[in-house]
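Encoded as structure tokens, the following chain is the form predicted on its own, with no partner shown.
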């Protein structure tokens, strides 16, 4: 029998089997599957074909990543936005005025993640929450209350994004920089322990780039329509929405090289003459709704990301954060940390970012302030096995697949008994561990 005949016979058998199954009466199906068919709810049926997997969720300042443990990537990456119960407008999950408002927002966000994107039942499932070390306590407490009381999950583990990122590389020592949407955070980690006296933070990241783009577009941008050419953007500000600004940042902007960056800062920061600016790259026509065309000049494309490397009045930039973190670390750990630098966060995906950051560090190491204290001549960067915007989530997925997860998680019974969430640095939490409770 030829291959085509075998394929046709196989397809016919499948159709026959499907037809015979559809001809079953409800009584036949009940006798085949037992009483579970009638008593099983719809939500339980969503995941009956597979054993319950651990839910991994990372609620970022701009985007939320969610998926299941053991998988190589999140199943969904959605904006961290919900409809505000007070204003009835779509707003960021982190823009809340009180814990009651945050509770309602988190309840709506988690509901959408579980029942719209994951299609699983949350009851008695384990959850791993990827969080920053600087996450507000009220946010953690409220999220735990939503997961345990509203969705009745089995256990929750709050894990640091910096530690989880190192897990994707199979190491426990490194200098981790998280450059996301609102801020840049550097945490040195040695042998799996964060060196908290060395952490550095700066409120400059993707949001600062978008603010710079919007400001420059309002000052120098032009919009062309079928009726009028090269109309100033300031006359039609409603056409430049936050989504448009973000899309321009991702599609059009880039981090220029070190020499051009120094020439740009000489003019924009130190008051140099405009003739010293390097020749700009080509302009880009960005299509808007309604047939309008926004002209994004080469100067905007190149200059916007300079906000990351411009030093403020205290001579601090994202490059100096790494050096200042090393200075505050013990001497015997500095060389190991400098040879294992890991960058995470969506802003790190900007073209040219790694090369520019390395050049900035090499230039700063020549200054006496750092040359005398560090004794480090170069940095070595390690690229995670996935994109920077969900590296921490992948570390959470690996953690969720470990057999030791129950001993590290907070069970629902322990949470309901204590009524609060232990701090991540709390050492008196043995009674909260699910596995130790059962041993007692």
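Note that this is a predicted model, so its numbers are computed, not measured. Residue numbers count along the first chain shown, from 1.
What comes next is about the form predicted together with a small molecule, which does not appear here.
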Is residue 122 near the small molecule? Define near as a heavy atom within 4.5 Å, in the model of the complex. no
Hey, in the model of the complex, is residue 249 touching the small molecule, heavy atoms inside 4.5 Å? yes
Does the small molecule get within 4.5 angstroms of any non-hydrogen atom of residue 148 in the model of the complex? no
Close approach of residue 181 to the small molecule in the model of the complex, 4.5 Å, heavy atom: yes
Note: exactly one of 365, 157, 349, 93 sits with a heavy atom within 4.5 Å of the small molecule in the model of the complex, namely 349
Can you pick out, from 414, 376, 62, 69, the residue that has a heavy atom within 4.5 Å of the small molecule in the model of the complex? 62
Could you tell me which of 204-212, 334-342, 256-264, 301-309 sits within 4.5 Å of the small molecule in the model of the complex, going by non-hydrogen atoms? 204-212
